[in-house]
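As structure tokens, the next two blocks hold two forms of the same chain, structure 1 and structure 2.
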Structure 1
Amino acid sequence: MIRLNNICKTYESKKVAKEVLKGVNCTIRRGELVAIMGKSGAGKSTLLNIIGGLLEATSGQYFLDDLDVTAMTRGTRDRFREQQIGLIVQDYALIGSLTAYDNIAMPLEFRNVPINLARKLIKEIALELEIAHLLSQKVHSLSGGECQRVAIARALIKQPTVLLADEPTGALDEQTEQKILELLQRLKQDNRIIVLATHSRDVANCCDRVLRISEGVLVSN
């Protein structure tokens, strides 16, 4: 379970301090698919990045189960992110010159997972996401929906507790968007926490709950 207690985030420069998140409080349970909605600049991506351990809150507390993430050192937080968080970004962040297999394998290489075990895990996740026939193809030859599935496979291959997605269907057509949302609905059944940042009401309507942010304030939970 995620617990955010009075989370604030301020960006400071020499001339001005900009308060992006202002005392966010919420709880997200395992098995939930939750959307974060708000206008551009409202604080959606900042909140997502704090949950993912990419950003440190200026103040407040963030717990994942019994782990106090806000009390972690940078090194500990990096290890937490590598072990617990799966992140999917809008532009997929795949390496186009590599195959789908090699992109999915990257997190396992960082963990020094033996090759035979890595092959088994990649085959299993590829079958689950219906991309086994794409593994030998270079990513630059894949469609947007196929790239998104490869990105999801790469995020899931390390079996994260939390799956985060920033505008995961923003570049997809309506039919492919629906397939990705149905896939995320299935994935939450593995007792994961799935959180999406989105502008789309259609995407939000497919989620269990919507967190609405306006000017850094959580106005609806």
Structure 2
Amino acid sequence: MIRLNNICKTYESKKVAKEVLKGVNCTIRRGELVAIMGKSGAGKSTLLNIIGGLLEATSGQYFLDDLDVTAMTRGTRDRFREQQIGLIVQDYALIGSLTAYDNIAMPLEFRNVPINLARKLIKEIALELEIAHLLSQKVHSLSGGECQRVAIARALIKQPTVLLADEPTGALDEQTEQKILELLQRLKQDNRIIVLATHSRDVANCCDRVLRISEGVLVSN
């Protein structure tokens, strides 16, 4: 279970401080698929990055089960992220000069997964996401929607406790979007927590719950 207690985030620059999150409270249970909505600049990516352990909250507490993530040192938080979090960021953060296969394999290499097992896992996920025919292609030669599916595969390959997805279907056609949503619905049944940021009503309608960020706080719809 994720518990956020009064999470605040202020971005400080030399001239101005920008208060983006002003006391976010929520609980998300395992097995839930939750959408975060809110207008551009509302703080959706900021919140996902805090949950993903990429960004530190300015104040407040964040627990995953009984782990106090906000109290972790940077090193512990990096390990926490590696072990528990699958994050699909808004710009995918793939390595263009590597093939789709090598991008997806990265989390497995990090964990020293034997090469034969890695090959099998990658093949399975690639078939599911219909990118098996693209695995040997360099990522910079793929389309936006293809990159998006490679990024989804890379996040899923390590079977994370928490899967965070920032606009995961933004670049996909309707049919592919539908398939990905079905996949997410299957994945949440494995006692996972899935949180996605989206602008799409259709995507939000497929989720169990919609939370809306407005004026720096989270309100349930």
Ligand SMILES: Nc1ncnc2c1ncn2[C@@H]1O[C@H](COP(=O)(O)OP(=O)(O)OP(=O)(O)O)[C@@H](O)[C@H]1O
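Between two forms, the rigid core is the largest collection of C-alphas that superpose within 1.5 Å. Start at 1 and count along the sequence of structure 1; that gives the residue numbers used here. These numbers come from a predicted model, not from an experiment.
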Requested in this report: Looking at the two shown chains, say which is the form predicted in complex with this ligand.
Outcome: 2
Query raised in the report: When the two forms are laid on each other by their rigid core, does residue 84 show a Cα shift of 2 Å or more between structures 1 and 2?
Result: no
**Report entry** Post core alignment: residue 47 C-alpha displaced by 2 Å or more between structures 1 and 2
**Finding:** no
Query raised in the report: Can you give the rotation, in whole degrees, of the smaller rigid part against the larger between structures 1 and 2?
Result: 17
Report summary line: Shift in angstrom of the residue 152 C-alpha between structures 1 and 2, rigid core held fixed, comes out at 2.9
